[in-house]
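Coming up, as structure tokens: structure 1 and structure 2, two forms of one and the same protein chain.
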Structure 1
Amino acid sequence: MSDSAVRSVIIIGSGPAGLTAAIYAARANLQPLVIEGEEAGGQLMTTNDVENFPGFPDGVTGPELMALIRKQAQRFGAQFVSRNVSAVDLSRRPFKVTVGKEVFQSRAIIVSTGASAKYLGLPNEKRLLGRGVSACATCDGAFFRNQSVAVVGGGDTAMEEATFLTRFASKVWVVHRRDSFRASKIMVDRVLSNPKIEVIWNSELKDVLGEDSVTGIRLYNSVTKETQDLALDGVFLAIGHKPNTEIFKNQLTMNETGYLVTKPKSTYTSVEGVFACGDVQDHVYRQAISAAGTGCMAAIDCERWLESQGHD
């Protein structure tokens, strides 16, 4: 089965970036097709409380926010396919996007497939996600005022998250499986000199404890071979993110960790007519509002590019 119509633009992904791109593209009369995937909505779908998205003074749940943005895109005529993309062909025009047995064609593509936080695969990790377990201190740190939390990791991200969390938490434990950090010296010095931070060396996180919310963690010390439980209120995983770029390998330029490379001050990728926005190309800010901003940029870049090609 094939969709023979050549569309102006296909948007792959449906987090804040993709849905904002859909709003702008639809209002520009580009009639975008959003292939939102089977797990639509992006990382916000696992976020219970969003307090830092403008326009919601009392906060909003992640799923509620995404439902509202999706409804807004639909209102202007964006169409949705709730299945996963299995392949893309960017080698010729029109571009081809394969979804199961269907092939959709378009003159332009906006990639907003996001990134996924890396997890350890512990028994209770996903169950307590959003209930004390987080992969974003900037997003959730304010919920842990005067509480004790742990940061798991040893790179720059872990050091940044630990330092940031001292603004709210009364105590921050940094759990690292080795006896030295791989982070840059300035970041390590900042952590080691902070009176609120205590490092637990040579230790692996074996499980997260708690029924309805986090009450502690279980640690295994690789030197003493001992297991101990530590009571605390939150766990922040800072072991990195993986951009969802597998289907674009050998087609779009990526950096060494797989993030799509966009041209400076734009959302243009290495293939003309393909644009990227949100966490799939942003490994620095990773916020819903910054993703939405680049979604707007991608739609405007796309609209102007189509116009320059003689397409309305």
Structure 2
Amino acid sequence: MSDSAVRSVIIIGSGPAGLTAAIYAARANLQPLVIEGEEAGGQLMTTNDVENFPGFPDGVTGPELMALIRKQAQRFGAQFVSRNVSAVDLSRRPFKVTVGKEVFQSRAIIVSTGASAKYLGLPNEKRLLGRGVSACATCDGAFFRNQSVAVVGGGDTAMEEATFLTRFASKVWVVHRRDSFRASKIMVDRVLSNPKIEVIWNSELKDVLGEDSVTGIRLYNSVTKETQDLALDGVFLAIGHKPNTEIFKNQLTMNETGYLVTKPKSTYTSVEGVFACGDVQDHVYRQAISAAGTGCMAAIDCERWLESQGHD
């Protein structure tokens, strides 16, 4: 779908932020092109139960919700490219967005590339990724039926993943580096009252054991100063996320952890005509509904800016 035409707006990313921006931009007749990526839909694609998105009193699965929002954007004429962006050139307008060998051009860009799960950076963690190591219980939990797994982390994600994993696994350990969780009370209570879950406090994951697949983990207890090996079949990392901003390095202003900086109460980035919404610029709220809200803001900011430039 490469062409020499200069589009009004290209939206990079297809989570709740990008797709909401697409709905608004499409309804404003801007005919947005959404580069949705090879793993379209963002983090909600790996979330099983979404209980807090308004309008779904009985809950909805993440993939279902994303399919609905995408359908809504499509209904108003948003177009989609299901590949990843390899480079952007924001140095002059029209902006250039490279997807493989194709280059798309646009007057404005909405960045909604989200954030991705973090890993500890252990060599064996990487080597055994997909062979017992995962950062997504909803994606991989079913592989661990009647097996034992560990979840590393003490936030809401760790609690959610541990609880979810008890649907399949016979035993779930939660490994946390401190002696208290930062997760919300309701989710902690669910974990602590689940007979299949056992918490290992004050412990750091030092290594992942196994040749072809995970057979155990090595833990260091920071209180007893002891190292202990635990035999198990899987380990799920739930230690937070990092923003997907690699392709914008040296082009858009970021904070010290790589999140895009937007001007207060707006979605304007440091480059005129480039707007950012969703988790790529929000490390505080990080909710689907707040991402969708900023997606709406980005489309409105973009529409008004294009109009101020004499484009429609």
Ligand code: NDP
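Here, rigid core means the biggest group of C-alpha atoms that superpose within 1.5 Å across both forms. When a residue number appears, read it as a position in the sequence of structure 1, where counting begins at 1. None of these values were measured; they are calculated from a predicted model.
Form predicted alone - which displayed structure it is: Pick structure 1 here.
Exceeds or equals 2 Å, Cα of K225 between structure 1 and structure 2, core fit: It does shift by 2 Å or more.
I186 C-alpha relocation of at least 2 Å between structure 1 and structure 2, rigid core basis: Moves: yes, 2 Å or greater.
Rotation (degrees) of the smaller of two rigid parts between structure 1 and structure 2, from C-alpha fits: The rotation of the smaller rigid part against the larger one between structure 1 and structure 2 is 57 degrees.
Shift in Å of the Y119 Cα between structure 1 and structure 2 [rigid core superposition]: Reported C-alpha shift between structure 1 and structure 2: 3.5 Å at Y119.
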